[in-house]
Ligand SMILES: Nc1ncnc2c1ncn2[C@@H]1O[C@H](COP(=O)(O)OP(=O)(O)OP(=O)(O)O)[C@@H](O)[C@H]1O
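What follows is one chain in structure tokens, specifically the form predicted on its own.
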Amino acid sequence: MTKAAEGGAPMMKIVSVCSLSGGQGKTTTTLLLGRALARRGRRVCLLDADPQHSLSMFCGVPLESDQPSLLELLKGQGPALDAVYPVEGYESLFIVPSDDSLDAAHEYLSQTGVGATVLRRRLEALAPHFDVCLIDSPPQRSQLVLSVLGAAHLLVIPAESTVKGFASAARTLDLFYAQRDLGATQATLAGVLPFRDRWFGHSQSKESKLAQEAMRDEVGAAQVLTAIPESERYKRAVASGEALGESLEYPFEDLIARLGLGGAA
């Protein structure tokens, strides 16, 4: 378990994985990072805040209509731990899943008048039980995204190594900075994570190179993380739990270190 904060309350580090376009690697990053941390003995809670609920499906957690999910957690309906389910094959990996009902979250968060703080407050009940919470966010601007940003201690922005990916990262950064200026989030930007970095032999594709150069110009070279290369093995790993080789695991090792999660559990 993580060190106690001042006053003795356990600290759960909340990492939001956010990008305002689809196909940028949010679910892949959230799932593979969660698995890597769980293998290191961290108690990890994944949180599927994407109404498409791909993360829930990849974790093998189908929900019945009467089972609590993220929507019930957001609304405070019942104990928070009732919405947490174990991920098969991992002793210390769990998930708060979602299903089609999450579409109703936007209306609920809008009606509260303090939507950006709701998720942060709900997650306080899980803090004594987990070391890390990793949030897979929706791929568009919404009240749910604002709540995901509001809950975060750290923000990771995956971005495909393409013109579209850079544009998505730039939009996400604009929203993050605006929310931070308003005091609606206190998150720190951990970095932009280039995704689907394309190489042909020993030569990086021109598009990947230009996109990553633009990312470095946007946030500074120090905040562009080690790129995740394009590989079908990532898809297989997400879908079936296939282990990654050392070279494909390395970007996640680097990300763990950058998030300050590489020490002993």
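What you are looking at is a predicted structure, and each value in this text was computed from that prediction instead of being measured. All residue numbers are counted from 1 along the displayed sequence.
Omitted from view is the form predicted in complex with the named molecule, to which the following refers.
Q: Is the named molecule close enough to G150, T185 and L259 in the model of the complex that each of the three has a heavy atom within 4.5 Å of it?
A: Spot residues vs the named molecule: no contact at all.
Q: Mark S208 yes when one of its heavy atoms lies within 4.5 Å of a heavy atom of the named molecule in the model of the complex, and no otherwise.
A: No, S208 sits far enough from the named molecule in the model of the complex that none of its heavy atoms falls within 4.5 Å.
Q: So, P139 and the named molecule: in the model of the complex, are they within 4.5 Å at any heavy atom pair?
A: Judged by the heavy-atom cut-off of 4.5 Å, P139 is in contact with the named molecule in the model of the complex.
Q: Mark K235 yes when one of its heavy atoms lies within 4.5 Å of a heavy atom of the named molecule in the model of the complex, and no otherwise.
A: Taking the distances in the model of the complex, the answer for K235 is yes, it comes within 4.5 Å of the named molecule.
Q: Determine whether any heavy atom of R35 comes within 4.5 Å of a heavy atom of the named molecule in the model of the complex, and answer yes or no.
A: Heavy-atom contact with the named molecule at 4.5 Å: absent for R35.
Q: Choose one stretch from 188-196, 89-97, 169-177, 67-75: the one whose residues place a heavy atom within 4.5 angstroms of the named molecule in the model of the complex.
A: So the stretch in question is 188-196.
Q: Counting any non-hydrogen atom inside 4.5 Å, which residue from I228, C45, V61, M215 sits next to the named molecule in the model of the complex?
A: Exactly one residue meets the criterion: I228.
Q: Out of 22-52, which residues reach within 4.5 Å of the named molecule in the model of the complex, heavy atoms considered?
A: Residues within 4.5 Å: G22, G23, Q24, G25, K26, T27, T28, D50, Q52.
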